[in-house]
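Same chain, two forms, each on its own as structure tokens: structure 1, then structure 2.
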Structure 1
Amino acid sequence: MLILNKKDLEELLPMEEVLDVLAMGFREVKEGRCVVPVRFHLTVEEYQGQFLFMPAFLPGLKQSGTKIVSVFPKNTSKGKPTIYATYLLSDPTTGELLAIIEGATLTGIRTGGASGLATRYLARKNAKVLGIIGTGFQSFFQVRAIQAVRPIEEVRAYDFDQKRLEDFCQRMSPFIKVYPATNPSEAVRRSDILVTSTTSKTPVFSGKDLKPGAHINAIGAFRPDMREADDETILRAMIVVDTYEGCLSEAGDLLIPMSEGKLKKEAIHGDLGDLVTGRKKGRRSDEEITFFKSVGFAMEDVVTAHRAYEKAIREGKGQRIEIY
């Protein structure tokens, strides 16, 4: 049995490879070879915490595993992170546990990968300026993934937490030039591609500021009452979702305008599986605004975890332990 930590994952999972395995996973989903039950929540009232269990099984690829995520907001007062995540990769032919994998980095990498894949089909080919609103944990992976598919020359970043914004600029400096913005408009107006990766409940930018031809990856807003994009953006854009099932039950960015009768389900152009299988085309013109909404999907974890495991075995990486 193998243990893979954050550093192992960073070495084992270059973005180009993550995009390939995600594309393979989304094809399996479209072909009906993917079993992902609704995620199970376990509430720990005493400590105001929650565990989420996210299993996935891909029979065609013979991959299975479960992500366990814990969200304990009171941890900050104990000097501990709010979120821990662990991935348990199992052999679906025997049930044997193959690997225990650090799950937060895995999530960052696969969520970046999904945005990268959407960007490949939806952003203009010559997109050079990337805007990002919300410079927390996910933002680093988002930038790295988009850099893998478009010739990004600079990043315009905004976060209302100055410290987070400064940390991001510093962390990104070996990879790309980042200009901090003093408000969202300043970042959005210049951007060919925009990422919103916040925990906001209300829109974080004005759709009026979008350049013609802009592409947006909106990855925050994972509950029906949360949103990052305003009506202007949603009604102007060609919309693609990671999965219909996830977005139509969780994505406030779409569900709020739908509940107000402004947006119809039929207005959603397609999902990522439609794009990677060629069933639907991506961008149709240079002026079109495109909008990718993701809430995450357990298939993305299992294909990414499995790739890390296979490579670790081949390259002798990770720590081996006997538990049986």
Structure 2
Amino acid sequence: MLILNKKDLEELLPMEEVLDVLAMGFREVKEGRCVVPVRFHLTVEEYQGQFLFMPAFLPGLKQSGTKIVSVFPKNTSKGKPTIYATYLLSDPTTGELLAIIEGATLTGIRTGGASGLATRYLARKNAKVLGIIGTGFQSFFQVRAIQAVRPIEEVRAYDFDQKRLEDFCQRMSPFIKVYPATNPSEAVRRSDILVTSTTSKTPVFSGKDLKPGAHINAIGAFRPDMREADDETILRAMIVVDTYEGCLSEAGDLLIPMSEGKLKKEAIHGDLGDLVTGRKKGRRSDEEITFFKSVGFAMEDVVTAHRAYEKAIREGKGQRIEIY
């Protein structure tokens, strides 16, 4: 059995390859060759946290595995990451455990990859300014993925936590021009592409600030009582989801306006699999505002984990152990 850590994954998973395996995975989903239950939540109310269990089986690709994730927003006050995760990659023909993989980095890479894939179909071709609201762990991977599909020249970033914002700007500055914003509006008004990556329960920006032709990747809110986008944004935008099943179960950005009678399910243009397979078109004009809502999908983990495992075996990376 193989153990792959953060450094291994960063070396094994260039973003261009991640986009390719995710596109392959979404095609499998659209063709009905994917078994992915809606993830199971275990709430730990005493510490305001959650555990999430995300299994997946792709029979056509002979891939299977389960991710175990913890999301504890108050960890930031303790100097710890909000998210911890571990991925268990298995052989679906025998049940054998093939690898234990550091799951937070895997999650960051595949979540960035999903946004990059959506951006490929939904953002304007000449989008050059990327806005980031919420500069925590996920933000770095979002920038990497979007840079892989669009000619990004600068990043406008905002976070209510000044220290976190400063750390992000310092980390990114060797790779791209980064400008800290003093408020969300300052970042949004300049952005061709906007990423929201927060755990907020209330909208984090005003839809009135969006430029014509802006594209939004809303990746942070992952529960029915959480939202990052306001009604103005949702009602102005062409909406694409990672999966209908996941978003119609968990995405407060959509479920809250639906419960208030402001949005109908039929208003959702399609899912990412529709775009990848060409069943539906992405952006229809340079003026259109597009909105990608992602709550995470276990297929993304298994195809990304499997690519890392295959390359690690081939290149002799990772740590081998015996537990049976």
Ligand SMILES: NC(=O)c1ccc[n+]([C@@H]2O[C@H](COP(=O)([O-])OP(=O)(O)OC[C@H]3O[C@@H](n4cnc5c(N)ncnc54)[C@H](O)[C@@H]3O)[C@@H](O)[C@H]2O)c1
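All figures in this text were calculated on a predicted structure; none of them were measured in a lab. Heads up, when I say rigid core I mean the largest set of C-alphas that superpose within 1.5 Å between the two forms. By convention here, residues take numbers in order along the sequence of structure 1, the first being 1.
Here the form predicted together with this ligand appears as structure 1, and structure 2 shows the other form of the same chain. After superposition on the rigid core, the Cα atom of residue 35 is displaced by less than 2 Å between structure 1 and structure 2. Relative to the superposed core, residue 263 undergoes a Cα shift smaller than 2 Å between structure 1 and structure 2. Relative to the superposed core, residue 57 undergoes a C-alpha shift smaller than 2 Å between structure 1 and structure 2. Here the rigid core is superposed, and residue 72 then shows its C-alpha moved by 5.2 angstrom between structure 1 and structure 2.
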